[in-house]
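Below you will find one chain, with nothing else, as structure tokens; this is the form predicted on its own, and questions on how it binds or moves follow later.
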Amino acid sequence: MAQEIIRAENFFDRRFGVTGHDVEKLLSQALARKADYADLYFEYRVNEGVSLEEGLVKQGSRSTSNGVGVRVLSEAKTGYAYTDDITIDNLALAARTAQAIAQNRSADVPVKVGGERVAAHDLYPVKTPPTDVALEKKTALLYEIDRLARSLDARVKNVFVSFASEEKIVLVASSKGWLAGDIQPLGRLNVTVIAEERGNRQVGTYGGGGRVAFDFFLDKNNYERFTREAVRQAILNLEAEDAPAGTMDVVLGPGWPGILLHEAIGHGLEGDFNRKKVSAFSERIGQKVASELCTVVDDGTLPSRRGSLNLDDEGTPTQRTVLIDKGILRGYLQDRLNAGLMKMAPTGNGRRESYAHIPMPRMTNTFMLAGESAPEDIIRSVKKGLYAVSFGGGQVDITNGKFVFSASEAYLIEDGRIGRPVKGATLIGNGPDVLTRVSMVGHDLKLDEGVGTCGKDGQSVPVGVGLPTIRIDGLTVGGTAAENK
């Protein structure tokens, strides 16, 4: 990773003429005598997208953006300013502005940068990022997916395929003297299918990706699997009945259903919410907050995963953080500001959408560890309930943990067997309470395919989720069947 830091450092020097001496001078201007910390976040980003619908590639885009964010921390106060025009004069203005917001006084402090280069991971050794691959190869893939989807079932009436890619070069310089850089590729393929039968139209969606090369998507095991899954879901929904409503035992399938864990529990474990004591998990470290079957971790070090990073957006190497260990709350996700104020260590979870945003505690890849039960035994243990395989939208209130999630693929469980598919099912509950209702955990932990995007305070960042098959006792299910009676 030392090579990546040097490449990022040289990139901004060559392209914008910002030298190491300039960085030191800017940090000195930003860091007032009573300020605690200052940093510069340099970013250069290339985004590309292409999409197909109705059998034709109709949209394509490519854009670049760049900028620098200057942050000054003084106890709990943050001064932040940024510029998208990377010149020394504009950077100096941003530094003075951030310093004035945080301190409202000026006093240059000498800063020496570059003596320490942060030793980070090497999680995505992609030689050619997806953004550098010829457009012809991408459009050919989209047309092949369209052809394949239509050939699988005559009821497929329309196909939407999109491919989005990104390369981001970042460099973080700190008033503490260290320098950290990274070059981050990202790609995502998404397939949506509309099927129709006797006037009934249903949708199926599937996709995946990560910090991978474009060849990952050309692999038939990936693009064909994504396509077949999207078609299968659409056809399945044609046959689905209205979901019942009421309190029942619910089994969550492995993988993407971990989005419920991310939203209902993960956000409540972020450091800023707990420092401000607005989370349902505030001041509960060391207490039992879940079934002893539940161990929840956030791990930003998984190779090539969408939510993984060699280092976070403050220059801290990512790590594996145990949040809940056998039901006991062990810690929170921290950035530098909240970790310092809470007298805890940063966990490599300081993330931001871009140079125009301040970093805050955010998840990377959040999942529950595998248990010992066989998935089929978990299904057999339920006399009457719901088996939720995939989720669409949802919302959560982190102050009390209450959530509502809609299941995009679900089945009734009848006498220990998976029965009829149902549509319109929603899961309603309370995150901390749900964890105490987990009575069985499968040995089939699975991570999602690489499609997650998390929103918080107007910022969006790529994330990963995961879950083994789990049984939750007595969860409220909202549906349409009971309401229609």
Partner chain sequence: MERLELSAELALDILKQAKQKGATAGDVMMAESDSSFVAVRLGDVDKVSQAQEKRLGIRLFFGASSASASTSDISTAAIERLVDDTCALARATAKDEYSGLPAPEALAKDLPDLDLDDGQNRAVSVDDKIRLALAAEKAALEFDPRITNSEGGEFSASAARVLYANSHGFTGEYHGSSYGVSVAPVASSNGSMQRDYWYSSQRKFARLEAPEAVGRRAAERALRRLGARKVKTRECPVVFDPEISANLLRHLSSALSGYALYKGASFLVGRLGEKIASENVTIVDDGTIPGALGSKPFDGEGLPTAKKTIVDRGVLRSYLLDTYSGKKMNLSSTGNASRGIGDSPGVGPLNFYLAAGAHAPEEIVASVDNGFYVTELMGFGVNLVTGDYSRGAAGIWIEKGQLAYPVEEVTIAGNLKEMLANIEMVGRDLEFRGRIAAPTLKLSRMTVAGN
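Positions refer to the first chain, counted from 1. If you're wondering where the values come from, they're calculated on a predicted model, not measured in any experiment.
FYI, the form predicted together with its partner chain isn't displayed, but the following is about it.
Student: Are Glu54, Ile194 and Thr247 jointly within 4.5 Å of its partner chain in the predicted bound form, each by at least one heavy atom?
Tutor: So, yes: the whole triplet contacts its partner chain.
Student: Sort through 368 to 376, 383 to 391, 205 to 213, 273 to 281 and report the only stretch with a non-hydrogen atom within 4.5 Å of its partner chain in the predicted bound form.
Tutor: Contact-bearing stretch, as computed: 273 to 281.
Student: Answer yes if any heavy atom of Lys402 is within 4.5 Å of a heavy atom of its partner chain in the predicted bound form; otherwise answer no.
Tutor: Contact with its partner chain, yes.
Student: Any chance Ser460 has a heavy atom within 4.5 Å of its partner chain in the predicted bound form?
Tutor: No, Ser460 stays farther than 4.5 Å from its partner chain in the predicted bound form.
Student: Though only this chain appears here, would Asp122 touch its partner chain in the predicted bound form if you measure heavy atom gaps against 4.5 Å?
Tutor: No.
Student: Taking 4.5 angstroms as the cut-off for heavy atoms, does Gln29 touch its partner chain in the predicted bound form?
Tutor: Answer no; every heavy atom of Gln29 is more than 4.5 Å from its partner chain in the predicted bound form.
Student: Sort through Lys220, Lys326, Arg201, Arg320 and report the residue having a heavy atom within 4.5 Å of its partner chain in the predicted bound form.
Tutor: Exactly one listed residue reaches within 4.5 Å, namely Arg201.
Student: Under a 4.5 angstroms heavy atom criterion, identify the one residue in Val477, Val18, Ile472, Val465 near its partner chain in the predicted bound form.
Tutor: Exactly one residue meets the criterion: Val477.
Student: May I ask you to list the residues of 47 to 63 that have any heavy atom within 4.5 angstroms of its partner chain in the predicted bound form, in sequence order?
Tutor: Residues within 4.5 Å: Glu53, Glu54, Leu56, Val57, Lys58, Gln59, Gly60, Ser61, Arg62, Ser63.
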